[in-house]
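Single chain ahead, by itself, as structure tokens, in the form predicted alone.
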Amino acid sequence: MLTVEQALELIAQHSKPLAPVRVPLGEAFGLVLAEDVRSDIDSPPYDKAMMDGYAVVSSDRNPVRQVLEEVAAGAVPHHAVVPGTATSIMTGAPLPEGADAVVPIERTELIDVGSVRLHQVDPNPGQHVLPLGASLRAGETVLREGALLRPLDIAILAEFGHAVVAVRPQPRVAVLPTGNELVPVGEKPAAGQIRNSNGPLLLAALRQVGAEAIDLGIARDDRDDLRRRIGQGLAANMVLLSGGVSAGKFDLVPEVLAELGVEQVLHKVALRPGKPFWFGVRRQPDHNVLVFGLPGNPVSSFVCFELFVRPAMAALAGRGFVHPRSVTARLSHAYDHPGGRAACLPARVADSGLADAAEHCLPSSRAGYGLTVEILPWKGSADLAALARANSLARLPTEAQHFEPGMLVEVLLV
């Protein structure tokens, strides 16, 4: 049976960035740039005033100046500034010819409509002026391929006229829970039935990371129904199935996937919960479809999504095969880990604000930050109620170990 690390390595080998697409700039936020972007103009495109005041010749020591005109942002000057004169200028406006400094309005006194007295007569050349091309010159690289586009990046792309950009799209992911026992959320289960919780769980997790989630409904443990629904899902970039991947009589998913041309890469991982996890690839001329067979029990399904699916989605979106984010926390209680398989157990970090920071770039280790974690009591991989109380998953090693209170454990934030 593969270790978690071996499974991640195999999945990473098959998780390649999606082909670039060109999108309007307004749709590019949060996506990864697929090309180098260069400036088509100098920035700023002219010598720009950085304060409201008067544009002057810095070498002129005359305290009283004739005001030639007023230039607002968006306007252009019509008169050159020479000794004995000044131009009233607003922040962002282009500096008039001959001027090389701006005296702030706070250091001036208007004498009448046509003249001004300067209280600062010795400005340095370039005072409160941003020279033409000081930020970027035409042809310089603004952003490089691989940049994750933040609001600030969108702004600079807008400044340089890139109304359409090439990006790696978010993956389209089809979700298909399987099982004769499943009924829709709005129905009351009859004897032997349960409501479909894995479908909504996975669809919500996908939307949380920005993927396009496709709901394929519920598949019965029937070859024809599985073949039809999985076939629809294979039009996406990725398929997430839950259930039907263990070793029982009705666990038909691996066989149906093989019939549909999906090549098995791995089946079963030394993980608790999540042992039946399955992964395969449907090879197509222009791209591969990644297929994940998640265990049917909801805690197992969620653990496998966090450990294996999230990194693959990041890779498809061009962000690299990003391993699950983790922190180090001190265990608040004693715990006996039986070993035999690595474990990823529902847990709760005492500082709930830390879980809220899960979307931020946290370091892989936070030992010494005073964080504590409790491994929650749970009754196995079907215990969704215990998982709902969790804000993290405690990762324990393959080897059996007795943990004393205060010992450090690795924690995944969820």
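Fair warning: this is a prediction, and the values are worked out from it, not measured in the lab. Note that residue numbering begins at 1 and tracks the sequence as displayed.
What comes next is about the form predicted together with a small molecule, which is not displayed.
If you check the small molecule in the predicted bound form, you find a heavy atom from every one of 182, 197 and 295 within 4.5 Å. Of the candidate stretches 326-334, 231-239, 103-111, 174-182, only 174-182 contains residues with a heavy atom within 4.5 Å of the small molecule in the predicted bound form. When the small molecule is considered in the predicted bound form, only one residue from 225, 251, 159, 145 comes within 4.5 Å through any heavy atom, namely 251. Exactly one listed residue, out of 88, 170, 246, 120, brings a non-hydrogen atom to within 4.5 Å of the small molecule in the predicted bound form: 246.
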